[in-house]
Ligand SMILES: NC(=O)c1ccc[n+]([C@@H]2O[C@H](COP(=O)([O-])OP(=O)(O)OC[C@H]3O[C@@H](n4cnc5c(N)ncnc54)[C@H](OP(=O)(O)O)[C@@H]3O)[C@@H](O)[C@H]2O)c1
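Single chain ahead, written as structure tokens, the form predicted on its own.
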């Protein structure tokens, strides 16, 4: 385990998982530069305004960290949004806004940091994904799609940058009690009335009973300290712990039947 203070950049650091990671890693003695759309101040780490949807904003944020610290050891791509509703109820504009943050925001931040990690001969890129990146989730379908895309991007990036000493890892939380809510889709359809509300009630109940974001921060610390971190790390509780195993051993028809039962979908 390394005890050397590291320079760590975290997107979406003003709340939820990003804030928990920033506070936890700063308390461990690391120098943390957080970014969020609202900016602000924090006693334990540097929090600056950052819009991952804007190339100039990302480059300025990275340049400021380099100017103050001289290097970047870890990038944690955490900034993300959600979209609630049936996939048919989402417009192309809804989908673009979601992917612009959840996928293209990761690409912008990673592309801004990687050249410096290559020069320095190593680093860690940790992308906060979701169990939804491994399975379809009813009425959160486009959010799940953005995380599926992030999974493929991260696995490929890991292949390509390993020779530079850069390790890419995914953290796949299940439900985490962060208070995040999905933006409603812009094209509601009455055909989904009733079922939409039943499924949303299941999602809400799962969030209320979920563990705090500090659980994710502990896993992120493990990745940072690992000599050779793995590609995937899950953060689950309760029945969610069985999801990775179920994906490996159960046929799709069984998984679908189980999901329909859990989310109270009409048959």
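Positions refer to the first chain, counted from 1. Since the structure is predicted, the reported quantities are computational estimates derived from the model, not experimental observations.
Keep in mind that the form predicted together with the ligand is missing from the display, and what follows is about it.
- Contact annotation: residue 175 falls within 4.5 Å of the ligand in the predicted bound form, judged by heavy atom distances.
- Although the partner is absent here, residue 53 sits close enough that one of its heavy atoms falls within 4.5 Å of the ligand in the predicted bound form.
- Contact annotation for residue 83: none of its heavy atoms lies within 4.5 Å of the ligand in the predicted bound form.
- The ligand is not drawn, but in the predicted bound form it has a heavy atom within 4.5 Å of residue 17.
- Exactly one listed residue, out of 37, 28, 215, 232, brings a non-hydrogen atom to within 4.5 Å of the ligand in the predicted bound form: 37.
- Contact with the ligand in the predicted bound form, defined as a heavy atom within 4.5 Å, holds for exactly one of 155, 191, 180, 107, namely 180.
- Figure note: of the listed segments 160 to 168, 121 to 129, 68 to 76, 84 to 92, the one touching the ligand in the predicted bound form, with heavy atoms no more than 4.5 Å away, is 121 to 129.
- Contact with the ligand in the predicted bound form, defined as a heavy atom within 4.5 Å, is made by none of 139, 185 and 196.
- Of the residues in 138 to 153, those that come within 4.5 Å of the ligand in the predicted bound form through at least one heavy atom are, in sequence order, 143, 147.
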